[in-house]
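Only one chain is given next, in structure tokens, and it is the form predicted on its own.
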């Protein structure tokens, strides 16, 4: 089985791409942000709200655990994911423009928004929260480069059945983000193209 080697540099680059994409989504008309591809699918703003909820447990854990970690004398460049954790991460990672291993979202991670009556103020708050939370993720990745992360593992968002070392948790979160960026592309493909600004790009397979 191929190894999964994780690096802060690669993770930061991918997170920056996602942050830029979500920033461009703010230019979309409210109609596009709140419409879904079908009755069983989320709207774009529901996807963003879900990502905010999903980061919540990690936000708390990072703030708890970072102060406990000793500093390294030399900056860490890479980390090899463990076998079980690698398998969980790869289940989240999209394959090109496809989401593998489609799974039902746990109720506590559902966005529970009323698309038809969602006000612009609420939409703006959801986007603002996304950038605050994932700015926190970016800071955590950067700080981890000079911390001894070898002694501490944290529960995944689904509980203690999966425990991650910090770089593994970052990778899991990034793959989850990338997975939902693919989902947003799927919504855009089925939307009214006249309402999509030219700055929004997505891949048509």
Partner chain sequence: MDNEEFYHLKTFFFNLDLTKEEEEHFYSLWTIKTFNQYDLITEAGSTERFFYVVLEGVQALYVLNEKGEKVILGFSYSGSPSGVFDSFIQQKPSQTFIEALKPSKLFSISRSDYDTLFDDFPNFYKWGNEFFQQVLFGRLEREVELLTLTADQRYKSFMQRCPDELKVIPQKYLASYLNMKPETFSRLRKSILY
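From a predicted model like this one, the values you see are computed outputs, not experimental measurements. Residue numbers count along the first chain shown, from 1.
Here the subject shifts to the form predicted together with its partner chain, a form of this protein not shown in this document.
This chain is displayed without its partner chain, yet in the model of the complex the stretch 74-82 from 121-129, 90-98, 108-116, 74-82 comes within 4.5 Å of it by heavy atoms. Residue 13 belongs to the set of residues with a heavy atom inside 4.5 Å of its partner chain in the model of the complex.
When contacts are judged by a 4.5 Å heavy atom cut-off, residue 20 counts as touching its partner chain in the model of the complex.
Contact annotation: residue 142 falls within 4.5 Å of its partner chain in the model of the complex, judged by heavy atom distances. In the model of the complex, its partner chain lies within 4.5 Å of some heavy atom of residue 138.
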